[in-house]
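A single chain comes next, written as structure tokens; it is the form predicted on its own.
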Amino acid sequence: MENLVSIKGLSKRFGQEYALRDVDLDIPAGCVVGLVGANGAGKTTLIRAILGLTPLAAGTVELFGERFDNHASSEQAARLKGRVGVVFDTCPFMTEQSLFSVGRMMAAAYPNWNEERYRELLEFSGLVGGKLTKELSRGMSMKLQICAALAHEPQLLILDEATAGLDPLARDEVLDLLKANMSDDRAILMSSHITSDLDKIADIVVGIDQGRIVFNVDKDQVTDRMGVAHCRADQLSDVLAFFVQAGEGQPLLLHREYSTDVLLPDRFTFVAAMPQVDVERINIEEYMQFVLRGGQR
């Protein structure tokens, strides 16, 4: 599978502090990659590095097989950025612009602009072209940004907290719009604090903490295969012994007030061996808590 983005050994410093440290990341074609982490973890800095908006201390970024870093020529930068669509958490268009006027402005910036496609996307999203951007709700303004980003036919779409502050219905409509425009030769990188959105759309989930990648996992492996065992005090020793006997070493634990939660790589195998222990599926947010906060006995 072709990688639309390939990052190797990427580091970024602000003064003496590292915002990114030794980051390796691939974004394959045909995939939606979810990027999660706390505020200040490095998500936006990583996105800015991919877009060539910040100088790097070390490492390389390749877009579509071409090296893209501090030394890229203006011609190369324009050509590669033309294949990328970007949606941030605030609407960048002027408040007095109509939606059709937004399209005319974008057409001047992108040689591949497809006005017919733009109008189709507006209609699909329930947006009226004659409306002014100041008349749009936050959810509608996010959909406008996505329509504008998709209408120049980008291979890579990057969203930085684009669903933040939206109500659940508006978020689902945004996700439907993204799903409708995925194909085998395109990819999406989606940074979000709302991990339930990534549960619905992501193929791969990447966790970043203090500038380092702390996990890079197949989303279905987490949500469909993994699980969490809620162990009473008298069950914990047997559960840990199961992991040793299975050759999986010590699992990650989260100690609660009345129980200990244990991360299960394969909940089906565990349930078959220890049906007396309460087991549940796990979501991305819970998995992230185990990785960031969990420990071993």
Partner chain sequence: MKGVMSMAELDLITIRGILRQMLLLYGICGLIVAVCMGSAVAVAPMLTVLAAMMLSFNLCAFDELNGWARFRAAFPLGRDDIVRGRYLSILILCLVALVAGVILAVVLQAVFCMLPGAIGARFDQSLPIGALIVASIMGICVVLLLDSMMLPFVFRYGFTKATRIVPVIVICVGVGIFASVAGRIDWAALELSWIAVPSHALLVLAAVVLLSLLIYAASSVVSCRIYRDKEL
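Residue numbers count along the first chain shown, from 1. A quick note: this is a predicted structure, and the numbers were derived from the prediction, not measured.
Omitted here: the form predicted together with the partner chain. The next part is about that form.
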**OP:** Considering the partner chain in the predicted complex, find the one stretch among 267-275, 241-249, 41-49, 227-235 with heavy atoms no farther than 4.5 Å from it.
**Re:** 41-49
Original post:
Is residue 55 close enough to the partner chain in the predicted complex to count, meaning some heavy atom within 4.5 Å?
Top reply: yes
**OP:** Report yes if any heavy atom of residue 82 sits within 4.5 Å of a heavy atom of the partner chain in the predicted complex; otherwise report no.
**Re:** yes
**OP:** Mark residue 179 yes when one of its heavy atoms lies within 4.5 Å of a heavy atom of the partner chain in the predicted complex, and no otherwise.
**Re:** no
Original post:
Heavy atom to heavy atom, is residue 221 within 4.5 Å of the partner chain in the predicted complex?
Top reply: no
Subject >> Position in contact with the partner chain when the complex is considered in the predicted complex, options 216, 155, 114, 97, heavy atoms within 4.5 Å >> reply: 97
Subject >> One residue of 86, 208, 122, 136 in contact with the partner chain, assessed in the predicted complex (non-hydrogen atom, 4.5 angstroms) >> reply: 86
Original post:
So, 163, 174 and 189: all three within 4.5 Å of the partner chain in the predicted complex by heavy atoms, or not?
Top reply: no
**OP:** Note that the partner chain is not shown here; using its position in the predicted complex, name the residues of 101-122 with a heavy atom within 4.5 Å of it, in sequence order.
**Re:** 101, 104, 105, 106, 108, 109, 110, 111
